[in-house]
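Laid out below as structure tokens are two forms of one and the same protein chain, each shown alone and named structure 1 and structure 2.
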Structure 1
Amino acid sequence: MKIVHYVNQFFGGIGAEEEAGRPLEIREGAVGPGRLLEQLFGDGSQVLTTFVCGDNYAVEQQDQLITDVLNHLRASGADLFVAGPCFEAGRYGMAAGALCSAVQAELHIPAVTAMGGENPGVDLYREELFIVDSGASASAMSQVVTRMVALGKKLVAGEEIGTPADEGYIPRGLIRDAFVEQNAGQRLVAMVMDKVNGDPFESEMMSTSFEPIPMPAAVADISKARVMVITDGGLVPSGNPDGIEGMAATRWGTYSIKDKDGLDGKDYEISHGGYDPRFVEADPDRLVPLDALRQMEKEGIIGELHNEFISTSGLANPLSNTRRMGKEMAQRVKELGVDAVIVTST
């Protein structure tokens, strides 16, 4: 097995926080935990290259890091890309996740990493990656690497990967068909009984954690502000020109409301499979309150209404998707010089 490995400056033996700004170094052979990888993979397995990079550099220059790693990997003939384990080191986890994700998507080389459950990289990448649950403590290094190796071997061999509980990776939120002994009702009752009796039980749903959102400052004077509407209610021009999906949308659109004092149902449709769209289709102002805002613009209550609205469909969407779209929208809103946004959600 030919492996390429990514570690941060600490596990690469360069230094601790004071070396976090170190740019990417490409070293031949195994470094730090890579030696354990080689040993546990056995069969003459080799870490061809180790990428060592400072945590700050990795996060601040993420695009450059990805480009450099991909360029090097392309010609390497590697069978597997391994990053970490990162435990609860947040920047390390984010870099490892970004790299594994890029390597998988661009080069189709399987990738495996390991993080603790609270690592922000988990939230961002667990849907697309196999992230071994490392726990918080680096003292578990050898157990964690053992699990990474087992998973890595299966990935390279193209074998079927078992459940998160069996293989020790963090649940990806995938649903797989399987035969079970008890139907959902029976399992539900058993779970309730366990709960009532104070016995341990395990939920079949995974709970999602949301990082706190920093409080945005108030708009100083709304009568001078440029206001924009964004909706996740799936309002699109008739014919849905951007092909925004009615569930698990991957796209969003920007639609002009220039010279309009209100929205006319015959010009629009709803691409959203999660609510009865008839009321909004009859009068889209019920979702994007253009008539009220336009009037308030004329009266000087708001400074200006931005002449387009943004729309997507918020239904059954993986968080990674919605986060990406949210960031893209925020970027767009900034570029447009908009001061305040009203998001309407169904």
Structure 2
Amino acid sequence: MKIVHYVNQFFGGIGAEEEAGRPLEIREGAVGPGRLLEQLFGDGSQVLTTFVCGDNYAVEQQDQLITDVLNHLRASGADLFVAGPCFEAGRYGMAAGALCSAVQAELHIPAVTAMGGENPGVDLYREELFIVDSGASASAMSQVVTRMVALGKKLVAGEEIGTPADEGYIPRGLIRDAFVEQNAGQRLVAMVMDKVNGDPFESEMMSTSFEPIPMPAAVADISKARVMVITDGGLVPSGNPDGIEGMAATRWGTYSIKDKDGLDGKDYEISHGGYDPRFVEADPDRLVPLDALRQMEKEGIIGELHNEFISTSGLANPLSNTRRMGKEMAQRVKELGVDAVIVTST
């Protein structure tokens, strides 16, 4: 079997976050976890090529990355494309998912990847890809790659793929026809009885779970409170210094509004692909209402406006990603001693 493999800068042996901007490198043979892939496939199988790319470059230049990978793959004669394992590295997972999706759709080469359940790449690509459940820890590398190899062999051979529980991939949310002994009503009653009796049962529906968020205490006196603005409308300084993605963003930024009574459109841009940005670009106060809040500050309606605002893009953002960023923002707000937050959207 001829295999082509994609890894990020860390698993490619280049470096950690300081090398996340590294552009695509094309190396001959197996690199990092690709050596284990080659060993487990056995029978003369070979990793022909390894693509190594920095995580930041991969998400910021995704279209170019996909084009370069596809162009090389067309002449490679590869039987299988493998990406990762990515575990819970979000940018890595998003790049791996995008590449696997493009390889399958454009070149009709089977593809397999692996991610942890909270990786944003899972929510974006679970329906179209087989994503092996890697869990969160890279210490499970051997077991994860073993499952990837088993699934990869079946995909190349055109064999029927079993259930997620049997094959070890993350449920895709797809419903398949099957012959069963009980109709829907009978199965439902059986599950209800199992639940009432405290017996184990397995639902036929995938449900989204939300952790409980307690209601915060009301601000006792807003005229003495420090207030901050957070937006998911993608307003960033010109040049987008934090590289916040316009869709499925993995990052957020904090930007100074010190000594400003309003925002000038020439100093900002929009990194968000889900709405017409012209009105906000003409007057950013429409999204981050600095002018109105400064006036309220002067009139004593609010105690103090914090001299920074937080921004990210909320477009097509997987729940796992927004949970993480929300917790990070909340921690930042606590550290700053902010009493109340105004959240603006598109």
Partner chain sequence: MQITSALPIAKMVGSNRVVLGNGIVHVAGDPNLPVNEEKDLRRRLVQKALDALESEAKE
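Numbering for residues begins at 1 and runs along the sequence of structure 1. Just so it is clear, the structure is predicted and the values come from calculations on it, not from any experiment. Definition used throughout: the rigid core is the maximal C-alpha set that superposes within 1.5 Å between two forms.
Please identify the form predicted alone: structure 1 or structure 2? The chain shown as structure 2 is the form predicted alone.
For Arg332, does the CA position differ by 2 Å or more between structure 1 and structure 2 when the superposition is done on the rigid core? Comparing forms between structure 1 and structure 2, the Arg332 CA shifts at least 2 Å.
State yes or no: after fitting on the rigid core, is the Cα displacement of Val59 between structure 1 and structure 2 at least 2 Å? No, its C-alpha moves less than 2 Å.
Superposing on the rigid core, do we see a C-alpha displacement of 2 Å or more at Pro284 between structure 1 and structure 2? It does shift by 2 Å or more.
Would you mind giving the Cα movement of Thr231 between structure 1 and structure 2 in Å, after fitting on the rigid core? Comparing between structure 1 and structure 2 after core fitting, Thr231 shifts 23.3 Å at its C-alpha.
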